[in-house]
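Have a look below at one chain only, the form predicted alone, in structure tokens format.
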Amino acid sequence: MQKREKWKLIIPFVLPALILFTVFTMYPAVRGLYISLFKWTGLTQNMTFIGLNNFSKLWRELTDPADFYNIRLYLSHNAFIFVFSLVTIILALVVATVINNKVFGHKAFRVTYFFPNVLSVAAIAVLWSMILNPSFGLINGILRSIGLEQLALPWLSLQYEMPLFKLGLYSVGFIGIWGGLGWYMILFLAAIQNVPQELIESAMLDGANRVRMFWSVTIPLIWETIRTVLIFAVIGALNQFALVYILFEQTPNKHSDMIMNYYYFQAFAQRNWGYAAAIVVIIFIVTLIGSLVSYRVSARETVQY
């Protein structure tokens, strides 16, 4: 009887969120899978059932090196951005550790690093497109003013010479570090602050220095947070769209586009909603596999405290 009364209290609180999740997340996901089996322009009610033809076309684009819309190229760009995400995780872990040690001005540093997270992606893209402008941008202006004209590069160029070919993608990766560092830092900082102080003091009494304490005490105790952040990095790398779309002037470009840019092009430019839905289904599968693999690779014995 008591259990039934408990559910009477829980359901009114859970039901609104469950309804919103079903309507705005689950239904669109199932609907997208359904649409992927049709040829549809998205503007009419006429949908032609074509079965798995959209997926076979997607497979041809994935495997045919002569195809202009080579999806492998787009996915390689996503993988390139994922490398920058790993760099962001490492830097965020270091910054969180330093701030946790309460260095001078640590509160100001915490606010400063987190500040980009209060800006929209569109605002960040517009801001950096002005900073990186080769003619009047802040970075090239500073380099020219201090006599480093040779380093004033076209930072958003996608046809630059080696080894900085596709220099614009390096710029996207750097902006990703700048924008994502604060969020990861907050997650790591919260985890580090939950590490029992007596364990740190015991390590100090045993003669461990700060580096040793970091690797032998802090890292094992916050490992589950690191694994979670790694999942965020995988999902974020495969969902890159707005930043690239705005930085490179809303035009399809093989040298900069991510897989989500290709989806947008198919859906809203080509009006090929069935094929676009198939792309989204594949993105979901790749994201799921990538998340499971990263979670499996990072598995280790959980430390209890």
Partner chain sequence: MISPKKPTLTRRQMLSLMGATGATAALVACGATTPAAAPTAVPATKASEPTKAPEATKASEPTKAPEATKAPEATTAPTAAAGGGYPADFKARSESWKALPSDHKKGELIKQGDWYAMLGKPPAEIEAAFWLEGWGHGWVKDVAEQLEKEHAGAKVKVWGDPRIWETLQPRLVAGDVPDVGRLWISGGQAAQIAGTVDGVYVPVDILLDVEAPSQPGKRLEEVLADGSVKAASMGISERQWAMPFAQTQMGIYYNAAMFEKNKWPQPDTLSWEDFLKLHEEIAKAGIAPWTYQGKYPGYFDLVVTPLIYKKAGQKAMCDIDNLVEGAWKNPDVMWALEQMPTIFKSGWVFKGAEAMSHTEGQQVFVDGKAAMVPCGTWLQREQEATTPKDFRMKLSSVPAPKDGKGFPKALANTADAALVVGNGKNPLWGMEYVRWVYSARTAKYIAEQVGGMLAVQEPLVGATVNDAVKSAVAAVKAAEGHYPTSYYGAWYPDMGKVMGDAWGDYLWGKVNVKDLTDNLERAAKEAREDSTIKKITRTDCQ
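Given the structure is predicted, the values throughout are model-derived calculations rather than measurements. Residue numbers count along the first chain shown, from 1.
Beyond what is shown, the protein has a form predicted together with the partner chain; the following relates to that form.
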May I ask you to state whether residue 214 is within 4.5 Å of the partner chain in the predicted bound form, using heavy atom distances?
no
Whether residue 210 contacts the partner chain in the predicted bound form should be assessed with a 4.5 Å heavy atom distance threshold; does it?
no
Would residue 59 count as a contact of the partner chain in the predicted bound form, using a 4.5 angstroms cut-off between non-hydrogen atoms?
no
Exercise: residue 197 in contact with the partner chain in the predicted bound form, heavy atom 4.5 Å
no
Heavy atoms within 4.5 Å of the partner chain in the predicted bound form: which stretch among 105-113, 90-98, 199-207, 230-238?
230-238
Using heavy atoms only and a 4.5 Å cut-off, decide whether all three of 85, 120 and 287 touch the partner chain in the predicted bound form.
yes
